[in-house]
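Okay, here we've got a single chain as C-alpha cells, the form predicted alone, with questions on binding and movement later.
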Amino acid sequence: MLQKDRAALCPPMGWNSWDCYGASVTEEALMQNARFMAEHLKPYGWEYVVCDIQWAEPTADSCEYHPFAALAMDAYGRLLPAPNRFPSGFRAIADSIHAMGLKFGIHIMRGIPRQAVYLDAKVLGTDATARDVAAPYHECHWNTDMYGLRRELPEAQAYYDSIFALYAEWGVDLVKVDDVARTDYNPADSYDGATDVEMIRRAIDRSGRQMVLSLSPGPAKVERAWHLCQHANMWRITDDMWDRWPQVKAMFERCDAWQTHVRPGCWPDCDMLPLGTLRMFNGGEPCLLTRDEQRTLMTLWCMFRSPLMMGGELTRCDAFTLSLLQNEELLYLDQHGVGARQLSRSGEEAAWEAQDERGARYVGLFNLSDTDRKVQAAPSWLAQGAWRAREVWSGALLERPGASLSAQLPAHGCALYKLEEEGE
C-alpha cells in the first residue's frame, strides 16, 4: 500500500460548502455546519468540513466568479483567506474544527495566481519570481484567478511545495484541487493536468502532513485510472452533480465504468450529495429530487463506495434528510463494503450487488424508468444457500428468497436488501 493511501483507507465523509454557498461561504457558515456535524453526524462517521472555492476573494457573494477579482495573498504569491470573510484565519478555524474531533479541508485551483504574476511575487525558497514560473497559455477556461505553471522548472515545484507547506501549518487535512482532473486545455488529452497532479502529490509528501488529495472537476478518464490511483485519493467521475434526476440516472453508467478501480486510498468520486437545503446564496432552495430519487442516489453512492460530501446546509436538515445521513447500515456499506459490482442495467432498471466485511451480502434494485415497475435480480450465489433478507430503508423482512429477488418500485425508486445466511 502506498503511503498516500493511508490518508483515506475508507471513502472520506463530510460536508462541502459549494452546493449551498457557492463562492460566498464565510467563517460563520463554515463553523455552524461544523458544530452541527459534531453534534448530529460525527457518530455516524462524518468528519470533514471543506471550504470550497474563492475563499481568498473578499468580494465573493454568490455562485458566480468575479473576473480578475483582487485576492488576499502573501508576499510569496500564496493565497490567504479573505480577512473580511474569515477573520480568525484558517489556522484558528482548523484548530476549532479539530477540537470538535473533525477534520478541515480547503479547495484550491491548479497553478499560480495571475495577481502574483502581475506583482512579480517571489517564489519562496528560490531566486525565481511568479513571472518566471507562470504559463499564461495554460489558464483555466472557467475561472480567471490562475495561470498554469511551467511544469518543467524546479521553481514551479518549489511554488507548489510552498503552498502545501502553508496548508500544513494551517492544519489542513484535505485539499480539493480543481481544474486538474479534467482541464480541457489540450483537445487531445483532457487529463493534461497529470504532471500537476504528480507535483502536488510530491508537495504533499514533502509537507510532512498527511492530507487527502481530491481532484476536480470531472469526468476523469477511466483510461487514466492507473495514474489517478498512484497519486490521488479521490477524483471526480462526473461534472458538477446537482439535484436533477437525469444526472443521477447517468451515474449508473459511470459507476459501472469505474467499479473495478475502487480500493482503499483510491476512491472514484460521484461528487457531492445535493440534499437538503441548497443554494443559500439564493436564500435557500430545497432539493428538487423526490424522496425516492434521493434514496436511489444514496444507495448507489454507498454501494459503489463513493466519497460522501453533503452539499446542503446542515443546520436546515429536516427529519427525512437526516434519515439519509444517519442510516448506519447504508453508511457501513459505503465505508466497509467489498466487491461491489453491477449485475445488470438497461434504460429502465439496474441491479447491483456488494458484500461487507462482516460477510453480509447486499442487492440493490433500481427502477430507472418514469413509471412504477417490478425489478428483479438473480445473483448466482442466491440459490446456493438459505438466506434471511431485510430491506435496509424500510426495515421490512422478506420471506426466504428463492433464486431471485424482486420488488415493485415507484418511478426512480430503489430497494436495498441485506442478506445473511441462516444459522450465522
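A residue's number is simply how far along the shown sequence it sits, counting from 1. Given the structure is predicted, the values throughout are model-derived calculations rather than measurements.
This protein has a second form, the form predicted together with a further copy of the same chain, left out of what is shown; the following refers to that one.
This chain lacks the partner; the member of 196, 313, 293, 139 within 4.5 angstroms of a further copy of the same chain in the predicted complex by a non-hydrogen atom is 139.
Only one of the listed residues (238, 96, 335, 259) places a non-hydrogen atom within 4.5 angstroms of a further copy of the same chain in the predicted complex, and that residue is 259. Of the candidate stretches 162 to 170, 267 to 275, 240 to 248, 338 to 346, only 338 to 346 has residues whose heavy atoms lie within 4.5 Å of a further copy of the same chain in the predicted complex. Contact annotation for the candidate site: 1, 69 and 131 all lie close to a further copy of the same chain in the predicted complex (heavy atom within 4.5 Å). Remark: residue 88 does not count among the residues lining a further copy of the same chain in the predicted complex, judged by a heavy atom distance of 4.5 Å or less. For the chain shown alone, residue 230 is a contact residue for a further copy of the same chain in the predicted complex, at least one non-hydrogen atom being within 4.5 angstroms. Under a 4.5 angstroms non-hydrogen atom cutoff, a further copy of the same chain in the predicted complex has residue 222 among its neighbouring residues. Contact annotation: residue 115 falls within 4.5 Å of a further copy of the same chain in the predicted complex, judged by heavy atom distances.
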